[in-house]
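A single chain, nothing else alongside it, follows as structure tokens in the form predicted alone.
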Amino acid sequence: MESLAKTSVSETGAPSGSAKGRQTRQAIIDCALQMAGRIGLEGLSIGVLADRMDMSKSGVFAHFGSREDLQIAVIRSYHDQFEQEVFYRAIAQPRGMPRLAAMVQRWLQRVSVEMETGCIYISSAVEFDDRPGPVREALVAMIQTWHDAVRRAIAQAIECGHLKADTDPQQLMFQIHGYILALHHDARLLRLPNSLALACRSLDALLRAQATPAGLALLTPCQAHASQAAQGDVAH
């Protein structure tokens, strides 16, 4: 099975401990992940988490050697969720347009939920874009992993004859990502009620413009389902 490439990011200062210790550690990460979507990674602190978890600072600190280790653990946890919800479900589809369309669909579904909860990848990019260090490296590595997977799906769609032969995978990936960022911006900041529908139509038009007749035949049901699924998530 294909998989997102594993990054070399390590989480130092976190003891493996007992099963209860691992459960506590995961509970702290889950709490931190929920908070980070709204206040960002920089808003996290051992003290704030200790209050939220009804633990002592030393108790939380025992699971993370530093706030930096906590931030990296949160990024990794978010990446794992993204991988399960978007990547693995998408690659269950056949190579070519079905898989690429499923990636776009699942990505839209994920963003439709994050219109309310916030996105770690996007909010953290603002915080760490000009701040070198382990946290930025972890963030870049995991985002790049996903982008590489989408580019690979685009290349496969070209090989399958579902996208035009002169399609530039990097350019198409850039455009897809651009619409995702625009959706998040307009939905979260501007509160535009039709932003999801606009993103769905824009991505549909983008893929249609690059599709071959064979690709178009496979694209229609995939993108129709994408729009319905994303709108269903928001309504829910």
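Every value quoted in this text rests on a predicted model; they were computed, and no experiment measured them. The first residue of the shown sequence is 1; numbering continues from there.
There is another form of this protein, the form predicted in complex with a further copy of the same chain, and it is not shown here; the text below is about that form.
When contacts are judged by a 4.5 Å heavy atom cut-off, Gly178 counts as touching a further copy of the same chain in the predicted bound form. Residue contact check for Cys160: none of its heavy atoms lie within 4.5 Å of a further copy of the same chain in the predicted bound form. At a distance threshold of 4.5 angstroms between non-hydrogen atoms, Val126 is in contact with a further copy of the same chain in the predicted bound form.
Using a 4.5 Å cutoff between non-hydrogen atoms, Glu68 does not count as a contact of a further copy of the same chain in the predicted bound form. This chain is drawn without a further copy of the same chain; in the predicted bound form, the residue among Arg106, Arg95, Arg136, Arg76 with a heavy atom within 4.5 Å of it is Arg136. Partner contact region in the predicted bound form: 180 to 188, out of 58 to 66, 24 to 32, 44 to 52, 180 to 188, criterion any non-hydrogen atom within 4.5 Å of a further copy of the same chain.
Looking at 133 to 147, the residues that come within 4.5 Å of a further copy of the same chain in the predicted bound form, counting any heavy atom, are Arg136, Leu139, Val140, Ile143, Gln144, His147.
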